[in-house]
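First structure 1, then structure 2: two forms of the same chain, each alone, as structure tokens.
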Structure 1
Amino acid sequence: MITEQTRWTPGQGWSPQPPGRLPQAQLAFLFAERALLEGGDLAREIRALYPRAVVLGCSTAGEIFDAEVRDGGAVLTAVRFESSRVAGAHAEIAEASDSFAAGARLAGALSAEELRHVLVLADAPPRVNGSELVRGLASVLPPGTTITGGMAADGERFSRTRLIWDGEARGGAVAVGLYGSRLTVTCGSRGGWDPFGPERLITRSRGNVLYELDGKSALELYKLYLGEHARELPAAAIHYPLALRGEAGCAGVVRSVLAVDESDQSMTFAGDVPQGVYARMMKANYDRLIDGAVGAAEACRKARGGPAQLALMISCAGRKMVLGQRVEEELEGVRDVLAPAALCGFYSYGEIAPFDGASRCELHNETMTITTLAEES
């Protein structure tokens, strides 16, 4: 397995070298600022450089290149396997309510034989319901198939997102199946947020749209906590994701805010916020966030037992906003654990990963989710 990595920044252009050194690559990731993807030129250029590759990618809230993160640029990672294979599919999603069906369609397009893992990228809510998409995928894939991935992002604007598929900018979702007996894929996902304050019941919600907590406007509650930062909604709400209490015996999930609508006092989250579930606000703690990223990396390493060749990091935009200048500390933490693997990835509006190792896959928020690939030679 050979990887090629390069990045483009507005000041420097491609560095350390222009892309296209691995023309036989079977897989190419392109993570970029939304504006760079909008026209489709960049995607087409990459497509042309790697004619045999499955090219996928999305807009981000920060592109990860090794242990560095940049905004407003693009990172490219091309992979050539020795014996492993790659196949992918794309599904448009017209309405968020079609997400489950789209997930099932994507899974149906992937052959199950020797399937090792499925990588997924999707448009962010409100256009796609990530929870439903994952459920749709899992409903068709062979039981136990691991799924990782993330939702595209749009800086701190929480506006439109873009997907790259087959040299074109698209919407919807893409899924890539990784095949081969010599390929091992591991994943780890950790948050590092702490719940605080009282538990509140979600008394009115629909899908991933929340209206009321404890019978009162959720938006008002957020405004109260944000104080003068309420002006910066919805981005400011990223500081207070919600921890949902799981069913007895199950871990809960974390949900972060993506959009607010003053007209109907609603808040749109990156994943489902089901009515009748208790939720607590969460707060960040730098050290715990960084420990979380390191924990995710360690989980990957433990699962494999040996070094990986490539690590795909999908970390939540909320973490980047909260960590500020310290954001790279989480990437460095990961690098320290996973070196000498090549690192790439992006800051997202939602991560997809199993809860722990092999269990049921779920849409997460506010986590660092790492997928490592290794191919025995």
Structure 2
Amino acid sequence: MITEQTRWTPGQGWSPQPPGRLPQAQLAFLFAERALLEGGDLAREIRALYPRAVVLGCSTAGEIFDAEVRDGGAVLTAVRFESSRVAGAHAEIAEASDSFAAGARLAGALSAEELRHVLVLADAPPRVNGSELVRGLASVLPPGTTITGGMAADGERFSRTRLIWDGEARGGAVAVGLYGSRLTVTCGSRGGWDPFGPERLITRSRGNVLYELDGKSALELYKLYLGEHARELPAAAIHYPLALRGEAGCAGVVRSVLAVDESDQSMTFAGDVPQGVYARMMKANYDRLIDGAVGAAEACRKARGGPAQLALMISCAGRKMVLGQRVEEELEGVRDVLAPAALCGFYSYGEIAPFDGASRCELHNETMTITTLAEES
């Protein structure tokens, strides 16, 4: 496997070198500021430079290049495999209720012999229900096929997001299948948030909208625990996500708050909050967030048993906002564990990954998820 990496920043252009030095690449990731993608010129430029490649990407809340994160630019990573192959697919999603069917369509287009892994990118909520998209993929893909990816982002604006597919700006979801007996893929996903307060039962919810915990207004309970910070909702909630208890013996997922509605006392989350599941509030702990990123990298290294050649990092926009100036510490921690792998990725509105290589895939919030690739000799 050979990789080429470069990035574009305002005023400097492409650095450390212009793209296109690997024209035989079969795969190219393009992560960028939304404004750079909407016209389609940048995507078409990259498509022309890599005519044999599946080119896919999305808008971000920060682009990852090695152990650095920048806003307002673009990061390109092109990959040429020695023996593995790739195939891609795109699915339009007119409304969130179509997310499961779209996931099934993507999986149907990619299912084939020697399919090792599927990488998926999708528009952010409310246009796409990431939980249902993942379930749709898993319902069709062959047993044992792992899935990772993420939801596109739009900085801290939380407005609209864009995907890149086949040299054009698109909506919906895009996916690429990775195939080959020599290809090994590992993944890790960790959070690092501290729990506080009692565990409560979700007694009323619909999709990603939460109304009641233990029969009481979820919003009022949230305000009670936030105290003086309650007046800063929903912005303050980025520091206080909700953890859902998993099935017996399994870790739970974390959900971040997108919006609150005073009129019906509801809270909208970035992923589903199913009725009948137990939930508990979480709070930020800077060191543990960084340790969580390192833990995700260590899970990948342990599962692989050898060095990776490429690591795709998808971390949450909420983590970036909470960590602030310390955000690159989580990237540096990953680099320390996975060097000499090439590192790329973006900050997202939702992360798609299993907790480990054996568990089912889930939509996460507030996590660092890592996918490593290598071709065995």
Partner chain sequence: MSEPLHSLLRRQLRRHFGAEDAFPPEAAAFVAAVDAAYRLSDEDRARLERSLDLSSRELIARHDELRAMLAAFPDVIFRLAVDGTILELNAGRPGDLPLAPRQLLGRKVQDGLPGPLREALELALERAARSGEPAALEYPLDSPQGRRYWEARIARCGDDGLLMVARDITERVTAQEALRAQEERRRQSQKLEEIGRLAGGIAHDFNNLLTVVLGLADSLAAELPEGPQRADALEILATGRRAANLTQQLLGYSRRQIISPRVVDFNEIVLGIGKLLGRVIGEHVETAYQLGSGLKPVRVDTGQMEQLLVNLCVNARDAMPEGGTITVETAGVRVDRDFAREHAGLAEGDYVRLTVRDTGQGMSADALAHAFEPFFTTKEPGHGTGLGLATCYGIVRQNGGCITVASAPGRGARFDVYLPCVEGAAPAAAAAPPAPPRARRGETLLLVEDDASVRRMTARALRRQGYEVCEAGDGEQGLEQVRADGEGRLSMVITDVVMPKLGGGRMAREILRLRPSAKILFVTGYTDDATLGRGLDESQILRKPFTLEALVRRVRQTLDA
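Superpose the two forms; the largest set of C-alphas matching within 1.5 Å is the rigid core. Each residue is numbered by where it sits in the sequence of structure 1, with counting from 1. Predicted model only: the values in this text are computed from it and were never measured.
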Which block is the form predicted together with its partner chain? Structure 1
When the C-alphas stop fitting one rigid part best and start fitting the other, that is the hinge; which of Phe81, Met282, Val334, Gly73 is there, between structures 1 and 2? Met282
Domain reorientation between structures 1 and 2, expressed as the smaller rigid part's turn in degrees: 17
After superposing on the rigid core, the Cα of Ala236 moves between structures 1 and 2 by an amount in angstrom of 4.0
